[in-house]
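Below, in structure tokens: the form predicted alone, a single chain.
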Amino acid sequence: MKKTNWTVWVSNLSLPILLIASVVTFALLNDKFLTQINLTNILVQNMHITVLSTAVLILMIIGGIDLSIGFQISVVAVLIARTIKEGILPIWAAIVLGILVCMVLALFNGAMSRILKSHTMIVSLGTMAVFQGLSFLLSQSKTYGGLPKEYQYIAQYRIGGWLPTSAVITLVLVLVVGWFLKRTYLGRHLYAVGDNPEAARLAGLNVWRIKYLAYLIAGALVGVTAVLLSSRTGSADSGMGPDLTFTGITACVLAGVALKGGEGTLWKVVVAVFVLGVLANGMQLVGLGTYPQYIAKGAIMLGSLYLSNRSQKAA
């Protein structure tokens, strides 16, 4: 049975309604929630997560899930920080190097998936250990703090005294990726490959070339995530990044991105990121710490998986 217009309408509005409901709830529970400082904090704290979730979306569209993304972030953040701190490269060159390295790491996962004839999720279980070890070798178990002001300005500078540069960078990237996915042949090919690789091959598409393109784009976005995160904190170490993988995947599942591939809408992913961001911030304000937030995120993912399965059966 196909989805009715009513079902589609409800599906499209459910996330914005959930976001509004979350904002209203926490505003009633704590009068500091709707202050300009707190709302700006929510915005700034979720910019790198938005970019990361965009990368996760692209991989899920082609039917892949990369569990090593967080460790890629730690590798690149440490590499950039160490390169800058030791004066090996100027800031701009260190950033370019870091993003290129992240693209190589992502492409390595894709190549291993093809060579081993195994799902990316299984392959990334192995590569995330490799990347974790690489990160600790690069960092020598040290934290590289006190990064130059010029580097910190990438995420911390406020245009007009209030608009974070990280928000501008994220908005530009989201608009470009959204245009690419919906308005270009290559973007539509990603959906075709994810939905039915064999049908895409029979239609004349080079399936693995398209998948490699997706890995490269996702790798570049993960590299940007590492830059935004380390720039915002002004430091880098091997512990930053790994926890973000679960958040990115949760946002995509909450947004209804199909685990089998071929489905996913970027604007829903962005809204889902802020649903999770509002949840984390609001719970913190009302006195609930990190561990209850983990429980809430896990419950949200399980609930989203249930609703996604129901929706696919009804389609």
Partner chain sequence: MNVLELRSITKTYPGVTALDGVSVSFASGEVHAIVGENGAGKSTLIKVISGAERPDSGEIAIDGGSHKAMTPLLALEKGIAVVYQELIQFDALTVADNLFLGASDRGGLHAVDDRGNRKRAVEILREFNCAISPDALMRELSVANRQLVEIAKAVLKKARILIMDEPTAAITVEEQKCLFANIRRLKAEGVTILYISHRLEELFEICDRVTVMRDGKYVATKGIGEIDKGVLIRLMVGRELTNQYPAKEPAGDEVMLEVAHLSGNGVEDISFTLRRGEILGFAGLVGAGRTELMHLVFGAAHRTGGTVRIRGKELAHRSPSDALKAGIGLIPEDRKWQGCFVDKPVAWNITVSNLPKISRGLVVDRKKEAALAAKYRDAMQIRTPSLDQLVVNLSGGNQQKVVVAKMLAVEPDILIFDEPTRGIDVGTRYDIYTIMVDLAKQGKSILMVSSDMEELLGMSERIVVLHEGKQTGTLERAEFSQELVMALASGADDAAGCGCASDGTAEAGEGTKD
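Numbering follows the first chain given and starts at 1. Everything numeric in this text was worked out from a predicted model, so none of it was measured.
Keep in mind that the form predicted in complex with the partner chain is not shown, yet the notes after this line are about it.
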Practice task
Look up in the predicted complex whether R201 has a non-hydrogen atom within 4.5 angstroms of the partner chain, and give yes or no.
Solution key: yes
Practice task
Tell me, yes or no, whether K182 is in contact with the partner chain in the predicted complex, where a contact means a heavy atom of each within 4.5 Å.
Solution key: yes
Problem - 4.5 Å heavy atom contact, M103 and the partner chain in the predicted complex - result: no
Practice task
Could you confirm whether R158 comes within 4.5 Å of the partner chain in the predicted complex, counting heavy atoms only?
Solution key: no
Practice task
Verify the flagged residues N196, K260 and E263 against the partner chain in the predicted complex: is each one within 4.5 Å by a non-hydrogen atom?
Solution key: yes
Fill in the blank from the handout: Note: the partner chain not shown here; in the predicted complex, the stretch from 204-212, 169-177, 71-79, 229-237 having heavy atoms within 4.5 Å of it is 204-212
Fill in the blank from the handout: Checked L107, L186, M121, L137 for heavy atoms within 4.5 Å of the partner chain in the predicted complex; positive is L186
Problem - Heavy atom within 4.5 Å of the partner chain in the predicted complex - the one residue of L147, I154, A94, A192 that qualifies - result: A192
